[in-house]
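Quick setup: one chain, the form predicted on its own, written in structure tokens, and binding and motion questions come after.
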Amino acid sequence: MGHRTPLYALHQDAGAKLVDFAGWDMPLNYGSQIEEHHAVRRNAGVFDVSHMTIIEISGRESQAFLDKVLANDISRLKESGKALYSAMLDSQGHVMDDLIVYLVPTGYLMVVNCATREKDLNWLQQHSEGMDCVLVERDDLAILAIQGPDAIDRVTEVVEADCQLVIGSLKVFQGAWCEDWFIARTGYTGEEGLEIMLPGDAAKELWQRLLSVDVKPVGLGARDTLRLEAGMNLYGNDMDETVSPYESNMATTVVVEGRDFIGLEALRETKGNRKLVGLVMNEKGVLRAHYPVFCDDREVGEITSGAHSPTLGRSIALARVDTVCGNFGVEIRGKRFPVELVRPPFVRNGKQVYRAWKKNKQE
């Protein structure tokens, strides 16, 4: 038996297919992964993401600490509640994890991946030693993500007036406390929506209220196809401790000028010669992780994440390759299939947005 979120029994009641995910018993789907995917693109769906790790950071040197361990510039957060997406690097400039940090009145809230929880906590504690900085894991909080074009309206419909006011005040990529709830306009689907950190009992009640207004429960299966369509990386697939953020389509999250963060010197020495690109296959078949990618007759990389896109009706993938010039193909069970090289994201707000990869001057 793995770890269980406070909503475990509710997932059972909803008929979820439960699977092990990084040591947690989590819902893969509630019957139809494709229907759940479409519910988020067309209406609204709710995900239990309480397996994620929340860390509260406080103390006089909190900003200096985060400036040391993050590749992005924490000083960019000047308004309470604003969020920052960043990689956390090792000394070789490789990605230890990707995460979100929010500026809050008491310091910062950081949300990291559950699969890297122990590694991240040990790393952060190690590098906060000797600093006026306190790290507290908020394992008392659950997280619900409500995503889709109708998501904000549905949440507003079922929460109290004070939370309605907070929701109405939020900008994209910003959050705020409402009593003991932290409500943020963030997500992992490429849709409008909210992520809400709240006590476990409150999360169970909110889940049931959302289902009563036709918000559909959504499992990890659809969460993966939604984030892939949105061109969002999955740690352990599209990035890990063997690659740099420059090789992971994260160059815009790296700020080097006037800074001295862990991994900076390694990044200055090399940016790497590989790129994370998008692939679209118009023929029948499904692109999968680790399938080899070819440019003309040379193998140039492999797929890191791939799936059938329910929104586009064709197969899409992210792939790490060492060139972006030539005619591309993917080998599936010994047969080569042509693919189009594109710039992710593939889908935003339910619509196709990908475009052909064209070489930039900096490339």
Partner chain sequence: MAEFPDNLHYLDSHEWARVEDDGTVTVGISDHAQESLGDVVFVEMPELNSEVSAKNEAGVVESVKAASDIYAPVSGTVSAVNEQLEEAPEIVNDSPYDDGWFFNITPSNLDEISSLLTASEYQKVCEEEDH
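Residue numbers count along the first chain shown, from 1. Predicted model, so just to flag it, every value in this text is computed and none were measured.
The following text describes the form predicted in complex with its partner chain, which does not appear among the structures shown.
Among residues of the shown chain, Arg343 is not one whose heavy atoms approach its partner chain to within 4.5 Å in the predicted bound form. Using a 4.5 angstroms limit between non-hydrogen atoms, Ile34 touches its partner chain in the predicted bound form. Contact between Arg76 and its partner chain in the predicted bound form is not found at the 4.5 Å heavy atom cutoff. Using a 4.5 angstroms limit between non-hydrogen atoms, His308 touches its partner chain in the predicted bound form. Between its partner chain and the residues Lys171, Arg268, Lys284, His290, the one pair within 4.5 Å by heavy atoms in the predicted bound form involves Lys284. Residues of just one listed stretch (316-324, 54-62, 26-34, 294-302) have heavy atoms within 4.5 Å of its partner chain in the predicted bound form: 26-34.
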